[in-house]
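Given as C-alpha cells, the chain that follows is alone and in the form predicted on its own.
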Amino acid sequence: MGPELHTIHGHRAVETLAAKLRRRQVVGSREAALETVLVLRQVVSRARFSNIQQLIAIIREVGRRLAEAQPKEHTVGNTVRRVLHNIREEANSATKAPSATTSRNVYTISKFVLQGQPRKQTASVPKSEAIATLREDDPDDPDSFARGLKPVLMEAIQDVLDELETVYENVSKNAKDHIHSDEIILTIGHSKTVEAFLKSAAHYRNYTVIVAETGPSYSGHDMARSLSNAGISTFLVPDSSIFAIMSRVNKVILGAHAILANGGLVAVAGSLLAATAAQAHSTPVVVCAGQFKLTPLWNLYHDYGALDFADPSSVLGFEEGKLVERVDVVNPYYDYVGPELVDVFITNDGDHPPSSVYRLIKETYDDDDHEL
C-alpha cells in the first residue's frame, strides 16, 4: 500500500489539478501533461524519503489520483510514467559505483532485441560520478539520501518539461522532407501539432491543404482559418466529400489524442473515415504526435470506437421534439484508427512505423508502471 494522499507534501496542488481535470478546466493533451509535470516537480521538491522506493510510492499515488480524476486524458498517466522512468534511471546512476556505470554502456544483440537501439547517455555519467556516495536508509542521517538526490531528480523532471514545451518545434523540424511542392494534403480537425507541422513546411514548399469541417464540432473551421492566415492555400470541405476528393489527395495528415501500444491511435471523430478512404485510394496516412501521447494500453473501447462523447444536441437538437423522444443520439468525440490504416508516425523523436510503437513504449516507460 502506498502513502495516503493527504500525508504527501504538496497534496493541495495535486487536489487542485485533479479538480481542474474533473471539471474540464484543463483541456488538451499537451496542457494536461504540462500541468502534471509542474505538480510532480512540486511534490518531489517537497517530498521526504530515505530510499527511492518511498519516492516512487509517493509519485505513483499522485499519478493514480490525477489519472482517476480524468481517465480519458491519457497524457496525465503517460507523463507520470515518464517521470518515474527518469527518476529510476537517475537513482540507479546515483547509488551505483562509477565502475558499475561503465558496464551499463555495453550493448549486446540480446539487449537490442529486448530494449531497442541504445540511447545517448552522455549527460548521466558525470551526474552519477558526482553523487555515487549516496546511501539509502542511512541510520545516522535519514534525510541525506533525499538531500543529495533531489537536485538530480529536479533536472530529470526538467528534461520532461523541456521536451513538452518544445514538442511542436521538434515534430515539425523535418516537415519539408515529408511535404513536397504542389502536393495536395488532407487533414481533419484542429490539431496544434499538425498545424505547426504544416506551417513549418510552408516555409520551404508551396502546397495546398484541404481541411475537413469535422462536424458537429466544426473544429476544422479554426484550422482552415489559421492555415489561411499563414499564407497557405487552404480549402474547407464538408466531411461527406472526403471520399470523393481522395483521388486528388497526395497525403493524409492526422493528429492523435493517444497512440496505443499496438500501433493504433485514438483521434478526433472523422479520422477513421479519412484513413479508410485513404487506404481505398492507396494514399499514405501520416500521423503527427508528440511522444508523450504514447500510451501503454491495448484495448480502449475499440469495439465502440470512442472514449468520450460530446453533446448530442449538436447532432439532433431538442427542437426536433417528436424525433428526439424516439431515438438515442450518440455523438462520439473520438475514433479508433487501427495500425493497418497508418503508414508512419512522426514524433519529436523521429519517424516510426506502427509496428515499432511497442518498442518506443518499452524504451519510454518501465513495465512496472503500466498500471499506476
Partner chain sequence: MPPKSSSGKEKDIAEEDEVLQAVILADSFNKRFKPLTVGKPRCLLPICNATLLDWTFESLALAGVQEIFVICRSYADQVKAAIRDSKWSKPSTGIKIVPIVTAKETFSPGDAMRDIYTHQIITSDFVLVTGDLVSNVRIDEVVRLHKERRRTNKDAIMTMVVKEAGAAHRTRSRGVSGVYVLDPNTSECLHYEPVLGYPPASHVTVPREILAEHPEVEIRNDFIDCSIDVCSVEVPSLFQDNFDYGDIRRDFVYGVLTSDLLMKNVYCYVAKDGYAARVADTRSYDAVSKDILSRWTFPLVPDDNHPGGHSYEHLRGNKYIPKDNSVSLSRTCKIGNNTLIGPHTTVSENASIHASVIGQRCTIGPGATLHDAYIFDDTEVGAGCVVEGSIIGSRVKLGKGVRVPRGCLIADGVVIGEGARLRKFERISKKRVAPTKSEDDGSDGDDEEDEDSELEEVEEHQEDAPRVLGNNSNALVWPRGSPEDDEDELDDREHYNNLRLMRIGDDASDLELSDAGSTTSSDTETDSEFSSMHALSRTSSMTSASMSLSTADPSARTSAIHTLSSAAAETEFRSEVAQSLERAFAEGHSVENAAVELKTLRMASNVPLRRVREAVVGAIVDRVPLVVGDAAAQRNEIAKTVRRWGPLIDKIGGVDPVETVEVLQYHCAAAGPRQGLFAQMLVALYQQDLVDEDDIRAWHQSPAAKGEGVKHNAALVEGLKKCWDVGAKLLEQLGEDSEEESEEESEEEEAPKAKAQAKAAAKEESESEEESEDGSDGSEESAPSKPAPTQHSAPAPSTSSKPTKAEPESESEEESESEESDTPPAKPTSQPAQPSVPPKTAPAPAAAPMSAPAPSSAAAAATQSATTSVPVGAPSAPASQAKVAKAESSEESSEGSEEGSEEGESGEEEGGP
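Please read all numbers here as calculations on a predicted model, not as lab measurements. Numbering follows the first chain given and starts at 1.
The same protein also exists as the form predicted together with the partner chain; that form is not shown, yet it is the one meant from here on.
The single contact residue among 38, 324, 344, 57, judged by any heavy atom lying within 4.5 Å of the partner chain in the predicted bound form, is 324. Of the residues 284, 71, 148, 216, just one reaches the partner chain in the predicted bound form with a heavy atom at 4.5 Å or closer; this is 71.
The chain is drawn here without the partner chain; in the predicted bound form, the stretch among 28 to 36, 335 to 343, 48 to 56, 63 to 71 whose residues come within 4.5 Å of it by any heavy atom is 63 to 71.
Shown alone here, residue 15 lies within 4.5 Å of the partner chain in the predicted bound form, counting heavy atoms only. Although the partner is absent here, residue 22 lies within 4.5 Å of the partner chain in the predicted bound form, judged by heavy atoms.
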